[in-house]
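Below you'll find only one chain, the form predicted on its own, shown as structure tokens.
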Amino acid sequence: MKRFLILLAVMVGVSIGAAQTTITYWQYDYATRVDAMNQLIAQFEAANPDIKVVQETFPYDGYQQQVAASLPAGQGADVAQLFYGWLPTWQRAGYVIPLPAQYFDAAELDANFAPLVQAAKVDGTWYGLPTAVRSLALFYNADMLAAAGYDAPPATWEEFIEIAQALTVKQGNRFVQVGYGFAPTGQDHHLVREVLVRQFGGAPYSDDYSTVTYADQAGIDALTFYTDWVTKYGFTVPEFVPGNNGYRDGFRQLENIAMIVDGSFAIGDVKKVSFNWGVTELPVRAENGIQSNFGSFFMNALTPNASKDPAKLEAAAKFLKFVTSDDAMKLWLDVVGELPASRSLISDPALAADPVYGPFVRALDYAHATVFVDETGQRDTMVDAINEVVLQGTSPADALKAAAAEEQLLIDANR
């Protein structure tokens, strides 16, 4: 009997020791990001054997629909990744909760994270944190440039047009290689709104982002300049490589696109190519001209599921802290290519001087993070305006005027 009681006690002890709190982490399916998170989860579980993290991923195009279908029903993620521009919509819908004060000190977050990350707040309250931030830059196929007699990437848009035309190849009326990967649904809607509009002397919105202002002459000039790449200069074409990521696939896999504008998150994929490539800051209109860029980030937030019991909330908060720590940011930089979100890491002079990361780091000094009320809807208005011009022959002025009116209605309805 005594031996039985001892064995029972041992079994109970093992059972108690093995008890785990399980949390679920959601993000969209992007290979390098999933790889980085798998590595972070393994490290976190090794340091916290009482917590198990299950990562689930979904195609980007269906991710928000999955969130909308699951979280209101009390299912799905405890910690979810979201684009900062989705935050207002997610917060209104109740998909995310404020960061609990018992685990997150707001003053410390203000001090530790780059100013860009303030966009993770709603009405002054933190709703999540990023592991990384990103900006835009121009990726180029250095072998293609060299073969055409260019030993440096373009510094001005005039040089960009010249090089892009030189690197465009047609057989009859069919493009077999384009100088630029035209991508309105990729990063080009940001390129028009937050880069070109400002470089032409305008501003896309009022200072508080409550009023659309890009339908002025500066905005018209910016959209005209961008769409001229298709309609006037002929060094690119919509859907040259089909799909939302076709511009990137053509650059890194098919090697039939010479230059693309993309975010630092693409570095991890581009590193795998077999040709010589480079990255440079976005061109300006003229030497010493206005520089502008679009800064953004994906953030990690707690969902209402995490608050169902204290143990789960503590585990989810601990995990969120871990994946947004400086060590996690360093791993993310190495695997994905996105820039650290902490002030101390981003200010490292070696990072700013790096030939790959440097152009993105330096751009953060003059980048703007658009304050969205409905990122998807606002993105679509600019994409539609671009398509109206290049596919329907609408004038840039008329297309932009219609887009601005539509977007203003969207902003007014969500404020």
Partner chain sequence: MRSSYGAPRRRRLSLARREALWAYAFLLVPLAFFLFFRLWPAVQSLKLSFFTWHVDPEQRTFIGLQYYREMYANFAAKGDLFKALRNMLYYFLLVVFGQVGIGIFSAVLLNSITWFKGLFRAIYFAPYVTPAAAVAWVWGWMYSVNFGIFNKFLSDWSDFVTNLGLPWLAIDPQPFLTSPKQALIAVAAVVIWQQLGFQVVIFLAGLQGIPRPMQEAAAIDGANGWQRFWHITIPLLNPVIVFSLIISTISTLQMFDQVQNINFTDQGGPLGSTLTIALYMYEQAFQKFRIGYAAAVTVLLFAIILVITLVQLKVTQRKVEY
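Note that the coordinates shown come from a computational prediction; the quantities given were computed from them, not determined experimentally. Residue numbers count along the first chain shown, from 1.
Below: the form predicted together with the partner chain, not depicted.
- The contact with the partner chain in the model of the complex, taken as any heavy atom within 4.5 Å, belongs to Gly243 out of Gly289, Pro100, Gly234, Gly243.
- Among Phe322, Phe175, Phe265, Trp157, the residue placing a heavy atom within 4.5 Å of the partner chain in the model of the complex is Phe175.
- In the model of the complex, none of the heavy atoms of Ala311 sits within 4.5 Å of a heavy atom of the partner chain.
- Within 4.5 Å of some heavy atom of the partner chain in the model of the complex lies at least one heavy atom of Ala68.
- The partner chain is not shown here, and in the model of the complex it never comes within 4.5 Å of any heavy atom of Val273.
- When contacts are judged by a 4.5 Å heavy atom cut-off, Arg92 counts as touching the partner chain in the model of the complex.
- Heavy atoms within 4.5 Å of the partner chain in the model of the complex belong, among the stretches 381 to 389, 363 to 371, 42 to 50, 27 to 35, to residues of 381 to 389.
- Taking the partner from elsewhere, every residue among Asn256, Pro304 and Thr376 has a non-hydrogen atom within 4.5 angstroms of the partner chain in the model of the complex.
- Along 335 to 361, a non-hydrogen atom within 4.5 Å of the partner chain in the model of the complex is carried by no residue at all.
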